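Let's start with one chain on its own, the form predicted alone, as structure tokens.
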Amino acid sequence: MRLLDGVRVFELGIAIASPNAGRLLAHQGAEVYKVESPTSPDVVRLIGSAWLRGDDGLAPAMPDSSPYVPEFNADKKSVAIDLKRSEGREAARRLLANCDVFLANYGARALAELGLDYESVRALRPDIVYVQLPGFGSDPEMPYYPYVAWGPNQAPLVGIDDLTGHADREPAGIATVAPPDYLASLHAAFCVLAGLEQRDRTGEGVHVDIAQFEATISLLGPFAMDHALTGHAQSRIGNRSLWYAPEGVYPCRGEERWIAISVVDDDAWDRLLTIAPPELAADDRFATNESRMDNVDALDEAMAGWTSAFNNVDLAARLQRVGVAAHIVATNEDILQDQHVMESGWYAVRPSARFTRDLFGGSPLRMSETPGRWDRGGPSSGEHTGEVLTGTAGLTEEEVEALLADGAAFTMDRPDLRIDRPYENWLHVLLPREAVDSRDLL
């Protein structure tokens, strides 16, 4: 049993925010229909994978090949419908009438133009749990309503990027990870659950309007209130702390190898000095936390001079042994080979229609009685169009064939094309052997 068994989700998802929420729901048993169109594909379909480029025979697999596809869409069903066509919109409406949840991070204006605003969807399914994540909300009276944005835009818009990097340099930004997208997706997953609970209690549906802009602003609460109350405007401080020193990232031996060290009080400083060079202990500028904060530039220079002679793994172990908070600054490769990550079963390996096996990240939630699961990797574009339109939307096979012939719906391109991902023969490096062997192909 999974908590959301029997719940049907109609998802219009692009990139991360909505798809990641749908992925979490699928993990708990929801049947999530990823409604997409090859004529206006999800951006993760456009990315593809470099290892397929240049081989025309493998071109049909390109939209399915990006690692983002299983990462954000595991266990979903792909229904390829052209929503810009009246026939496609009608098929979508028939599907929606049989769904419990509408989940989308399309712009508010785009949803309205497609006839998929809340009032239109509620007319099809009065008790729908309607959750939308537009950049700036769905109220046309709000100043930013006409604009569109996504995670990498939201961080600089609300001031998060101004906090990243060093004081003497331009903001570093965090666009490669886009925390606002993940934050919005968690809000959305929570609101879906809350909406379903409300429906169960009252019989009524609900419209949840999550402005990603406001969700991202919520990350800045302490800083905004500090400025409102004291006039202090926090800006970039690199890897330092506002309260103690040393706190930072320091170079180690080798190319781009670093260690993070936090000395939170004078007792921790004394423990660090048991393995540090005597020059640090002899320098009066570093005797107390207050004096270390006053001389933080000189302290960081002295720390870097010491740490640069060490292998970062070795030095982190030495510091941990004497009770100082320290760890390597892990690279992607470090995480792939991290013993705890591998032994925890974090990585999921599942079959897919296109690839022998898909590899993607797991769920951090550990629920004892209803742990959840994913049975398959990411869907191929249009893989489940016929199945869902006949089985859930109630269309006849003749109606589906007409949609396909007219180009208002699409199915998986070259379903006979099945290939191995490049890592197929290396899964034993990423996972304990028994974990790989126990996940047989379905």
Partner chain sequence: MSGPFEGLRLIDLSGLAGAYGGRLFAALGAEVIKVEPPAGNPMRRMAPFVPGAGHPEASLWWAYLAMGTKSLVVDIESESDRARLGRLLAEADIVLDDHGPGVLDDRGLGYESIAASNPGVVWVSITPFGLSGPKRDWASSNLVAWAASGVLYAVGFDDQPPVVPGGPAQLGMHATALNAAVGAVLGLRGRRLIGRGQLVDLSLAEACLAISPETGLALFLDDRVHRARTGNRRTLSRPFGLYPCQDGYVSILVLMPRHWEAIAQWANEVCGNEAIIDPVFADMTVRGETMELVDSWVEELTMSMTLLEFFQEGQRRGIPITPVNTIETLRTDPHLAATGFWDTVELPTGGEVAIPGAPFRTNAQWWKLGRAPRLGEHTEELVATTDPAHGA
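Residue numbers count along the first chain shown, from 1. What we label the rigid core is the largest C-alpha set whose atoms superpose within 1.5 Å from one form to the other. If you're wondering where the values come from, they're calculated on a predicted model, not measured in any experiment.
Heads up, the form predicted together with the partner chain isn't pictured, but that's what we're talking about next.
Close approach of G394 to the partner chain in the predicted complex, 4.5 Å, heavy atom: No - in the predicted complex, heavy atoms of G394 and the partner chain never come within 4.5 Å of each other.
Distance check, P41 to the partner chain in the predicted complex, heavy atom within 4.5 Å: So P41 counts as contacting the partner chain.
Residue contact check: D297 to the partner chain in the predicted complex, 4.5 Å heavy atom: No, D297 stays farther than 4.5 Å from the partner chain in the predicted complex.
T370, heavy atom within 4.5 angstroms of the partner chain in the predicted complex: Within the cut-off, so yes.
Listed residue (L124, A276, A178, A302) with a non-hydrogen atom within 4.5 angstroms of the partner chain in the predicted complex: The option sitting close enough to the partner is A178.
Per-stretch contact check against the partner chain in the predicted complex, the hit in 85-93, 302-310, 169-177, 279-287 (non-hydrogen atom, 4.5 angstroms): In short, 169-177.
Heavy atom within 4.5 Å of the partner chain in the predicted complex - qualifying residues of 229-258: Counting only heavy atoms within 4.5 Å of the partner chain in the predicted complex, the contacting residues of 229-258 are L229, T230, A233, Q234, S235, I237, G238, N239, L242, W243, Y244, E247, G248, V249, E256, W258.
Shift of Q132 between this form and the one not shown at or above 2 Å (CA, core fit): No: Q132 shifts by under 2 Å between this form and the one not shown.
Core-aligned C-alpha movement of M367 between this form and the one not shown, 2 Å or more: Result for M367: no, shift under 2 Å.
Is_shifted D300 between this form and the one not shown (CA, 2 Å cut-off, rigid core): Yes: D300 shifts by at least 2 Å between this form and the one not shown.
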